[in-house]
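One chain comes next, on its own, written out as structure tokens in the form predicted on its own.
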Amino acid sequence: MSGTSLQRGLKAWMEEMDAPVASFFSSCVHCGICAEACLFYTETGDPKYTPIHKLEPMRRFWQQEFTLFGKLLKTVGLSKPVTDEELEEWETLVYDSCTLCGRCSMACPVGNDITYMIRKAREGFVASGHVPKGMVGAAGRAIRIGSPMGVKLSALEAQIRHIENDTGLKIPVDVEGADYMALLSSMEIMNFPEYIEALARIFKQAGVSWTLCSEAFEATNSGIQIGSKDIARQLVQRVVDGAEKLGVKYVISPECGHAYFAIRWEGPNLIGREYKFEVVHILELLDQLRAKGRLKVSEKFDERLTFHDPCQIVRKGGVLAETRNLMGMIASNFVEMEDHREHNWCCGGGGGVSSNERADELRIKVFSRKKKQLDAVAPETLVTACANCRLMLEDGLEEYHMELPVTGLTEMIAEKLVEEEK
């Protein structure tokens, strides 16, 4: 890597050094509590996976450039400059062993948002060219094609035809003036198309005016994952343009964690203005429909169910009560894992780790934390609300030889709907 690339990375860090970063670095007391909140540390015992340690190059750069003591140490040669070789070494820590789950930030006794700083750090790694190839490919496809998995509109149209032919349901596309515009992740289109069918069934019963948008159907934001505000901004703008073109009142974020975080919380800041619509997560909308009596279920599932809380939706997004309200509507034998809701452990594949093949071995190793959670409650079915979590859970369960079906909450609700008589 050239010196020019390194300088681009350091320049990006210089631009990312804001008041919160300075406050967090200054107030860190090096207590190590964040380590016990990170499954990469707890499942390996390796101190290099301590969350705050992953920020060491950026911390030293901040100290050298923004503190008097750091500048003095640098001047007399007692603080080594950040090098390209060091960024190459640290890349695996920043990308392979962090899912941006936020559990470390929640555990920090002085309130340091370590996840916030990791995202800032990734901006420098992107600018310097130190990014896993899988994540680079996903981000490139998201920009060029509209989907990190390379899913084109024709693939979505094929799934829609299949669902409509099999069920007689109507999947509306490009309906101007609809109340809601639903987003989908590529994984839902290709791996879990039953989610699309579930939306159609639920919205038909509840009388919801909705549509998909042919120009902005993808919800996943690879820019948030890779650490590039420029990419994240383009992907958010695509959704905003589609929603405003159709004139919808609401945009529905699907069962995808980072999609929700990106469009709901980061989006307005990225594009520099408020939306002309509101963003609602699918579980928030379903709970609203439940509360209004617009969701009618025939019976509850009898098998023992537990729920995996997706980090970005629950811990960082605040969708807490809704999940339990909905589970209570459909489950007669619901059991909580020991660590649940905002305290739940990550599936291990968030933050772009799922698209980073280099991290697969480590990701599978740390799945042992989720295995311990599941072994303790012995469910018959595992329910979640994130397509990425679902894939990672299925992968981990297979590797650990655990026969446990995984399903999405939206599909389970659709399965128990009472068919309205005409």
Partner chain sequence: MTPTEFLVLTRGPLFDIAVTIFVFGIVLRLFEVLILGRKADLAAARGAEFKPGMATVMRRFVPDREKLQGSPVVTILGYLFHVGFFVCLLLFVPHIELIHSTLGISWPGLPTAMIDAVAVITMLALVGLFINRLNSKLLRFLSTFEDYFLLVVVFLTLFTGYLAFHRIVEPYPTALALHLLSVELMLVIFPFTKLMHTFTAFLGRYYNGAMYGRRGVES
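Worth saying up front: this structure is predicted, and the values here are computed from it rather than measured. Positions refer to the first chain, counted from 1.
Keep in mind that the form predicted in complex with its partner chain is not shown, yet the notes after this line are about it.
Asks: Indicate whether its partner chain has at least one heavy atom within 4.5 Å of a heavy atom of G102 in the model of the complex.
Replies: Result yes; G102 sits at the interface with its partner chain in the model of the complex.
Asks: Is W345 one of the residues lying within 4.5 Å of its partner chain in the model of the complex, judged by heavy atom distances?
Replies: The answer is yes: W345 has a heavy atom within 4.5 Å of its partner chain.
Asks: State yes or no: in the model of the complex, is some non-hydrogen atom of V29 no more than 4.5 angstroms from a non-hydrogen atom of its partner chain?
Replies: Although its partner chain is absent here, V29 would touch it in the model of the complex, with heavy atoms inside 4.5 Å.
Asks: When the contact criterion is heavy atoms within 4.5 Å, does L397 count as touching its partner chain in the model of the complex?
Replies: Although its partner chain is absent here, L397 would stay clear of it in the model of the complex, with no heavy atoms inside 4.5 Å.
Asks: Could you check which residue among A37, I364, L391, L374 gets a heavy atom within 4.5 Å of its partner chain in the model of the complex?
Replies: The residue from A37, I364, L391, L374 that makes the contact is A37.
Asks: Which of L153, M329, A107, A178 has a heavy atom within 4.5 Å of its partner chain in the model of the complex?
Replies: Among L153, M329, A107, A178, a heavy atom within 4.5 Å of its partner chain in the model of the complex occurs only for A107.
Asks: Name the stretch, out of 110 to 118, 207 to 215, 245 to 253, 178 to 186, where some heavy atom lies within 4.5 Å of its partner chain in the model of the complex.
Replies: Within 4.5 Å of the partner lies stretch 110 to 118.
Asks: Let me test this: is every residue among S147, G293 and V297 within 4.5 Å of its partner chain in the model of the complex, going by heavy atom positions?
Replies: The answer is no; none of S147, G293 and V297 reaches its partner chain.
Asks: Just give me the residues of 243 to 273, first to last, that have a heavy atom within 4.5 Å of its partner chain in the model of the complex.
Replies: Heavy-atom contacts to its partner chain in the model of the complex: Y260, F261, R264, W265, P268, N269, G272, R273.
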